[in-house]
Each structure stands twice: as structure tokens, then as C-alpha cells.
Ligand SMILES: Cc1cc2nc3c(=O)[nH]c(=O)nc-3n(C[C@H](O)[C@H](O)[C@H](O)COP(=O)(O)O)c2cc1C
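Quick setup: one chain, the form predicted on its own, written in C-alpha cells, and binding and motion questions come after.
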């Protein structure tokens, strides 16, 4: 059975336009791939602590003691074991909400999601063959230097060893000149098509 991990970074919950787009993709994906098991991680509900000095000290102590099986590293092990990964988060101050950043920092664990070879080169250890990042933006930022989130996700995929990265977005949703619902519907249609091939 295929395992898809859905990382929900939508801080406005079910009111979130990004989450609506993600739910549409996941609904169509499961219809097209009925044997897939989907596990959702809500980063807001999870409430992982930022890596303050005391958190890092504990993490380092557990890691140095060889405790990769400890609960502290459970999110990293879950991420590394997934066959496919979907991350959804709104465009937020040129990137994504802090809760998702904290999650991504906490899953970046040497010898779980990435490691190093004998020559000191970084090697990805994640099982996932594909990662999809879903977002919505009020303005038009895709492909510009202001879209830091996309570059961040691309870089992490390389570090984690995930070879195929897709992006699904809806833009211009806060532009008063636009028909917001029409833009979101167009993104939903793209989600349907992507669900077939992802």
C-alpha cells in the first residue's frame, strides 16, 4: 500500500483557501489511487517547539546518544518513510507560516531525512518519489525573487533526496479586479489533472 503524507500548514484551518485547494487535490488523488493511505499532519495542532537553545541541547543529547527511535524524532521518521508528500501552506510574508518552518526544521535530522557520504557530501534519505507544494497567494509572486517559499521547498527536496517536485497554486486572490472564485476554480481544475499523474 502506498503511503501519502499530507503536511497541513494552513493556519486559518478550514477557512483557508489553500486548504480548500489541497483537500480538492487529495480527494481526487484518493479517488484515482484508492489503495493509497493518507496521513495528515496538522502543524498548528502539533505545536512543535521552535529550536530554542534548550530544545537544541536536548535534541543534540538524544541524537548523540543514538536515540533516533525516540519520540522527539518521530515527525522526521514519519516524513522519511512516506512514499509521496503533499505540503499545503499559504503565501505568508514572502514564504510560509512559522508553524511550517518549525516543522521543517524539526524533521531535518541527520541520519533520518538526510545524511552524509564518506566524502562529506549531503545525501537524501527520504523514501518519497514525489513532493507537491500547494499554496495560494493574494498577489502575483510566482517566479519572482519575492517567492522565497518555492525556493525553500525546492532546496529541501534536494537535501532530502526527493527527485520530483510539483507546485500547485492560485494567485491574485486578493486583487479586487479579479473574480476570486473563478481563479480558485481554475486552480481546482489543475488540481484534478495533477491528481491523475502525481
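Residue numbers count along the first chain shown, from 1. Predicted model only: the values in this text are computed from it and were never measured.
This next part talks about the form predicted together with the ligand, which is not shown.
Within 4.5 Å of the ligand in the predicted bound form, a heavy atom is found for none of 48, 71 and 75.
Contact with the ligand, judged by heavy atoms within 4.5 Å in the predicted bound form, is confined among 133-141, 29-37, 57-65, 150-158 to 133-141. The ligand in the predicted bound form comes within 4.5 Å of no heavy atom belonging to residue 98. In the predicted bound form, the ligand sits within 4.5 Å of a heavy atom of residue 173. At least one heavy atom of residue 94 is located within 4.5 Å of the ligand in the predicted bound form.
Heavy atoms of residue 24 never reach within 4.5 Å of the ligand in the predicted bound form, leaving it off the interface.
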